[in-house]
Every structure is written in C-alpha cells, then in structure tokens.
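Coming up is one lone chain in structure tokens, specifically the form predicted alone.
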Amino acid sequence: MGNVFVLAEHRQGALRDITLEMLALAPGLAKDFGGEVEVLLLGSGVDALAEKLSGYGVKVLVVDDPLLADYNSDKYQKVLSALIDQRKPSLVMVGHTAQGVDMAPALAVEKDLPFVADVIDLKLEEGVLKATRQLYSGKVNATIAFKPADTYLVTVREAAFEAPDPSAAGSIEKIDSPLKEDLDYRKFVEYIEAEVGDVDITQSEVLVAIGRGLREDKNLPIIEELANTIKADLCGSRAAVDAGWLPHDRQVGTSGKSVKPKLYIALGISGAFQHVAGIKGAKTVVAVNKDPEAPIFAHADYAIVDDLLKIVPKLTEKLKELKG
C-alpha cells in the first residue's frame, strides 16, 4: 500500500481553495491505504507556500524549478509521471479545475491509471476504492468502483469539502526536478484575470439569493435593503439572471458559480438541482418559498413557507431592531 498524493494548485503566489479542500478528504484515505498524505508543490520560489501547507500536518514534496514558474500542463505531467514512478502512491488527487481538467486525463492515459473525474466523495471499502460523482447535472449520484490497480487518479470537485483548519506541524522535502530541459512546444504567455464584476460571490461570507419568486424587478429594493442590513452580497438563480434582475456573474448553479458562504438566504428559489449543486458548500441555508413542496426545503437548515414579499420586510425590520 502507498501514500496519497495531493497536487497543490496555486496562482500568483496564493494557494487555491481546492488544495485545502482536498486535505479534508486525503488523511482518511491515506489511513485506509496504510500510508500518509504527501502534497506535491510544483513551482519556483514557493517556500512560503510549502510552510503554509506543512501546517496541516502533511509532508510537502517541493519541486522548485524555474521551468515551473508558471503552470504548464506538459511540464506538470512530466513531473507527476516521474514522481509516480519513483514513489508509487496508491492515489493521486487533483483539483477539478481548469488546470486539473487540462492535465489529469493525459496523465491517466500516459500511465494507464484508472481515472474518475469530478468526484464529490471517495471511500475505500473492503479494499475497493469507490468514487461518487454526479450525473445528469446533479440529478443522480453515481458510485463508481475502480478496477484493482497500484495507483488511482481522480479530480475532485471544488467546494465539495470544507477546508480543515491548520492542525499540526508537518514536514517539507525538496526533490530534484525531473525536468532537464524546457518544453518549448507549449509556452506560458501571460496571465489575464477574468472579470468578476464588483463582487466575487465565490468569496462572500453572507449571500442573499433571489429567484423567480421575486416576480418583477420593482421588488428588488426590499431584497437590497435586507442584504445591506446584514452586509450580504446579492446573487440569484438562473431565472433571476435571465430576467435581467442580476448580472451573470451573480448566478449560482451549474451554469453559474459554486459558492460556500457561512449563510445563504434563498428567497423565492424553488431549488432545482442545477441551483442546489452550486450551494453545497454553504454552511447554513435559510429558504423562503410559498410552495411547501419546494425542493429547496430539502437542503435548507431553516425553512419559511410564505410569500417572500411578506417575509422579507418583516425580517429586515426585526434584524434592524436586533442591531440596535
């Protein structure tokens, strides 16, 4: 049995959330495999990131090479391929991100590894590794059993797990880079930050979301007053965006963004599976809908069955009173 590799993803000197989210799952799997967690950190001048990662009680394997200063799937694949040959891990975990989707399938083909993409859970049961992934845009959870192999490869969905807190001092091991020359058939040109509008809802701690139940845009001010009262950001379902009430960068769901706020208040949102898929990372969900059979209630911690146009003004008034 071997260890569990977790590929650290970082951008412009900062770790991506998916790296820490995978560390919520990896220790239990490593224990079941009879090994330990090893985080692979590829880059140039990444000592600070290595120190941060080691604070999660894991071993950090650092490949520091100027040729890895910027992400390049071919270079990452070559390094990972060499490390798999050298250290023979039982499992390799990669984030299901633009980078992971770019590199992991090619690695699976090169190394002939059993591979499942976009997993939301992993378990080792009676010696068989089983992955859970969603089908039909989240309507169905499928459990997939891997065929026996020395090494398995998965990509893990963002926000499927809550990142753990730093736990204990781990260790850092520096490894010589397997890259002996530059791979010039694919080159990094420049980094362009995607426009996220005035608010990045993926980073919001409190969100107030609207759906079709708002009925018309003239009702939006009462929602904005509630959001301002609790210092929340506004977002919504696809129906709200299609109606023109919110810009597309505020859309939550499979065709929008996945969010993970501490509090998510869903107002007039029915709870279609496409929307629910985007709020799985939310810690507390409050739902208001006049339909007692609305699917959103199955995912809510607190439910109010009533018309949002009646409830929201009263809720805002009460919150203002509590704030003094």
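What you see is a predicted model; the values in this text were computed from it and never measured. Rigid core: the largest C-alpha set superposing within 1.5 Å between the two forms. Start at 1 with the first residue shown and count on from there.
Not on display, but discussed next: the form predicted together with a small molecule.
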* Asked: Ok, 35, 57, 256, 281: which has a heavy atom sitting within 4.5 Å of the small molecule in the model of the complex?
  -> 256
* **Contacting member of 87, 130, 111, 212, with respect to the small molecule in the model of the complex [4.5 Å, heavy atom]** => 212
* Would residue 290 sit within 4.5 Å of the small molecule in the model of the complex, counting heavy atoms only? -> yes
* Does residue 93 reach the small molecule in the model of the complex, with heavy atoms at most 4.5 Å apart? -> no
* **Contact test in the model of the complex: residue 235 vs the small molecule, heavy atoms, 4.5 Å** => no
* Asked: Taking heavy atoms and a 4.5 Å cut-off, does residue 272 contact the small molecule in the model of the complex?
  -> yes
* **Region of this chain that lies against the small molecule in the model of the complex, out of 212-220, 112-120, 67-75, 172-180 [heavy atom, 4.5 Å]** => 212-220
* Determine, after fitting the two forms on their core, whether residue 58 shows a C-alpha shift of 2 Å or more between the shown form and the other one. => no
* To do: Compare the position of the CA of residue 115 between the shown form and the other one after a rigid core fit and state whether the shift reaches 2 Å.
  => no
* To do: Take the rigid core as the frame of reference and indicate whether the C-alpha of residue 83 shifts by 2 Å or more between the shown form and the other one.
  => no
* Structure fact -> Checking the C-alpha spacing of residue 278 and residue 121, a student should find that in the model of the complex it changes by 3 angstroms or more, with the atoms farther
* Closer or farther: how do the Cα atoms of residue 156 and residue 258 compare in the model of the complex relative to this form, given a change of at least 3 Å? -> farther
